[in-house]
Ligand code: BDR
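One chain follows as structure tokens, the form predicted on its own.
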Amino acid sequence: MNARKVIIDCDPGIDDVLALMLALRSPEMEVLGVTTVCGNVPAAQGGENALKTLEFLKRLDVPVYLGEARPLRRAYVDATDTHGADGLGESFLPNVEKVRPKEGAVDFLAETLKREKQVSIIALGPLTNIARLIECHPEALYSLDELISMGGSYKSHGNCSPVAEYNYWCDPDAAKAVYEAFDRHPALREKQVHMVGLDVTREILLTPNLVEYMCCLSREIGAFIRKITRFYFDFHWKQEGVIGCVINDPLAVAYFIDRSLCDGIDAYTQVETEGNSFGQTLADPYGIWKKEKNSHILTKTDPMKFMEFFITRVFGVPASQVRPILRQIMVENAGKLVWAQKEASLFDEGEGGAEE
């Protein structure tokens, strides 16, 4: 098998770690390196968390580079309320000392693209590193195969403002610059940003039953996932009334490998950078703005098929073994149902004048 070369740009982050586990256990991908960016946690903490994951997977051969420590223009706001003080659910795993993160993520991205040719980037955090790459090393973009970005939202509501998803809200100027580059830069005009946004990631719900099943498949891997997701479960219950946690980032990796997991539309997309709507993605699939379609926006996914894909890869068990168990413990369209119930609850509270 000819594995596709890829760099994972991330802000680990609980679901980033699950995405790294999936990527490094998938033979279709050759992970050339991991770059970190300020997002869920500061870039330096993200580097530590990436190394902790690589050590657990026995893949410390994969280099980790530290990227941008702050957004392009706005003040940095982390997401440790969601991911814990250490970014890994307050598991406080020890740092890896035998290998350390390196400085210079943007230079690493540029040098790798120039050297290897046809390298893809899966961006699981804010797009600050990618915007800096476009700004400082535009010649490297000719070697970019694909950009997959976990971020944005088409029709779903936001998760840190009524309209904005966190990664693009954290650095809207970077997201805007990247989407504009895919409209204007000669190396990118024939390509599209693949936007894996909240419309599809909200359907990927990791539940307590699924974690218990994972522990049955592998005590070691299951215990690791349980340890880092416990905080995430508590956050989702308190904030969203969800039993389980939404794991956004692994879907971006799974989609990169298997396009049949998602459906989508082509559209021209721009990102707002000002006012109450900063971070919002405005998509024009109908061509009203008469601009080239610079993005492919995912709109549908199959949670059951994704979870089968994730478990078979990460735990190394055949689909024929996984499928009947998932039919027992997963409810079809569970993610849609949960969010529909939540929205209905919020509407009822608003109508009834609920107290703050």
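The first residue of the shown sequence is 1; numbering continues from there. A quick note: this is a predicted structure, and the numbers were derived from the prediction, not measured.
Missing here is the form predicted together with the ligand; even so, the following discussion is about that form.
May I ask whether Ala175, Tyr268 and Thr281 all come within 4.5 angstroms of the ligand in the model of the complex, judged by heavy atoms?
Not one of the three qualifies.
Considering the ligand in the model of the complex, which of Thr229, Ser153, Asn159, Thr112 comes within 4.5 Å of it through any heavy atom?
Result of the distance check: Asn159.
Is it the case that Asn40, even though its partner is missing from this view, gets within 4.5 Å of the ligand in the model of the complex, heavy atoms only?
It does: once the ligand is placed as it appears in the model of the complex, Asn40 has a heavy atom within 4.5 Å of it.
Against the ligand in the model of the complex, would Phe256 count as a contact residue? Criterion: heavy atoms within 4.5 Å.
So Phe256 does not count as contacting the ligand.
Using heavy atoms and a 4.5 Å limit, would one call Leu124 a contact residue for the ligand in the model of the complex?
Judged by the heavy-atom cut-off of 4.5 Å, Leu124 is in contact with the ligand in the model of the complex.
With a cut-off of 4.5 Å between heavy atoms, is Leu210 one of the residues that contacts the ligand in the model of the complex?
No, Leu210 stays farther than 4.5 Å from the ligand in the model of the complex.
Only one of 248-256, 217-225, 138-146, 100-108 has heavy atoms within 4.5 Å of the ligand in the model of the complex; I'd like to know which.
Only one stretch passes the 4.5 Å heavy-atom test: 248-256.
Taking the ligand as it sits in the model of the complex, which residues of 5-20 have a non-hydrogen atom within 4.5 Å of it? Please list them.
Residues within 4.5 Å: Asp11, Asp15, Asp16.
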